[in-house]
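One chain follows as structure tokens, the form predicted alone.
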């Protein structure tokens, strides 16, 4: 069996990674206007809290999925006192370049995405233009937080790597809203009609999520063991539906679950089973030689952060496999709250066998140089990029 690290190296050699060469940020967060020529290897961005380091990574990732990785509303991303933000980038990929831009106007709440200067008809068709993964300072909350946060993680990732997932998700959410409205109104026949429309897209979502967790479980475990120094870990898609049986697919299981919960759904006024209620269970050995325990409830902050980093590395492998190239790595103070030994292990996993462009934030220069010291070193203060450090 291949280890997680050997698999990463093999996939990384398949194609040249995409990279960002030019970036314009205007009236986004605390940036009035920032124009950057981005080095091929990437950059280390150094500055105190509140200086704009994370905002810069947020702006880059916005061009990947056209939403904030911090969960902020588009209107809250606009610089105070302004009405519109705009982000532009030149992407080099597959031997050519592409111009990509996104803007949001508070007045009228209008979002616009452009490729090669032309507005796209469907924003969902433009997501994943270059491939990027964010290692966020708050990622421990991805492990210990609400099920909705983990569902959001799965939905964003699978939208980028599974063809048709976005359309199924949109269809499911639309039908779910109609079914819930009918449940609240007590309209039996209408509920039954919307139930039929819920089954196919819902089954596809659950199948995709479950399939991803099963395929990536070994890689996740490998990363967790390397970071933690040997502790095992596991991923499992958790659903409220009945246990799988031979020759019983997701559609039949979902149909049976909806039928069994029908009375309860009417009583509560909403649909109580389905992908909108499911979760991603993340378990790990939290005690020496002990069994794996659910990290949503057990484990230290450091153990949860270890699992979160392993999950992000697994996400990066998924993007690399789908795109045939390394993603851009956005590392927001990734070594914070890790002891020295774990930090060194994480550094090796992020640096060895990965060729993607790296943007790395820190309050002070790191003593572990990425890419053999090839990253440019910039200082940032109050939304302004200063001279190279």
Partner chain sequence: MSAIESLVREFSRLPGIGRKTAQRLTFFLLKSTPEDGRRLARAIERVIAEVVACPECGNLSADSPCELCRDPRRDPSRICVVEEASDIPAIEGSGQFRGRYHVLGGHLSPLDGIGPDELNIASLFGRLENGVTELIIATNPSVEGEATASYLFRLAAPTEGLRVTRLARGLPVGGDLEYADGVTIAEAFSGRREM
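Residue numbers count along the first chain shown, from 1. What you see is a predicted model, and the numbers here were worked out from it, not measured in a lab.
Although not depicted, the form predicted in complex with its partner chain is the subject of the following passage.
The candidate stretches are 231 to 239, 272 to 280, 294 to 302, 186 to 194, and the one lying within 4.5 Å of its partner chain in the predicted complex by heavy atoms is 186 to 194. Using a 4.5 Å cutoff between non-hydrogen atoms, residue 256 does not count as a contact of its partner chain in the predicted complex. Shown alone here, residue 101 lies farther than 4.5 Å from its partner chain in the predicted complex, counting heavy atoms only. In the predicted complex, none of the heavy atoms of residue 75 sits within 4.5 Å of a heavy atom of its partner chain. By the criterion of a heavy atom within 4.5 Å, residue 149 is excluded from the residues contacting its partner chain in the predicted complex. Interface residue among 248, 120, 167, 260 relative to its partner chain in the predicted complex, by the heavy atom within 4.5 Å criterion: 167. Of the residues given (126, 142, 319, 175), 175 alone sits with a heavy atom within 4.5 Å of its partner chain in the predicted complex.
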